[in-house]
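Before any questions on binding or motion, here is one chain by itself as structure tokens, the form predicted on its own.
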Amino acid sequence: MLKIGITGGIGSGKSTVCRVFSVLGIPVFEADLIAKKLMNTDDEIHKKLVSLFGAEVYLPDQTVDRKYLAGIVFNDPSLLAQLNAIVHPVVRKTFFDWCDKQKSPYIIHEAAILFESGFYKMMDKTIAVVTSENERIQRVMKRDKLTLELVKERINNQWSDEERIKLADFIINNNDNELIIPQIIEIDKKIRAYGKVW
């Protein structure tokens, strides 16, 4: 079974793209969502996070205090790297266990930092969802109720679309003036054809 990675910056619309792949019958593993769940449910992660960040990293209901955690790691690359080193191996194991249960011609692995983490090397092909910065800013401000400054800060802390494009096998342009469904259907056809050759 082929493993296809999908990534894109904040507000690029990669979740929308993944929903279309789901409609085409392709299973989607949402790595970021799974990571959030595992931080709340996995005992080993729980222990390591408390050891690194203190007991206050968890709220009274034992879910991660995301605001507190983001405030700590957002401007500290070293702590962010340590957080990723705790969470990513468990997410990867969960992903491969999940893959073993799928029966489709290929699966989608959606992750915000697919390239940055190096996990793209475990994929057969990769897709980058790209969007103009202005559209991304508008989408995130509306969706997350954030200020312009905060959204720009988050965008600046991520890879640029140009960097993602260099590593991606396929590009989906998700600007408001371009239709994404025909682009996705074309990529789906190519992946299915590759699968028969590979």
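So that there is no doubt, residue numbering starts at 1 and follows the sequence shown. It should be emphasised that the depicted structure is a prediction, and the values quoted were computed from it without experimental measurement.
Not pictured, yet referred to below: the form predicted in complex with a small molecule.
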item	value
Output flag, Gly11, Glu110 and Asn174 jointly within 4.5 Å of the small molecule in the predicted bound form, heavy atom basis	yes
The small molecule: the contacting residue among Arg143, Arg66, Lys37, Lys166 in the predicted bound form [heavy atom, 4.5 Å]	Arg143
Location of the small molecule contact in the predicted bound form, chosen stretch of 66 to 74, 135 to 143, 37 to 45, 52 to 60 [non-hydrogen atom, 4.5 Å]	135 to 143
is_contact(Thr16, the small molecule) in the predicted bound form, heavy atom dist at most 4.5 Å	yes
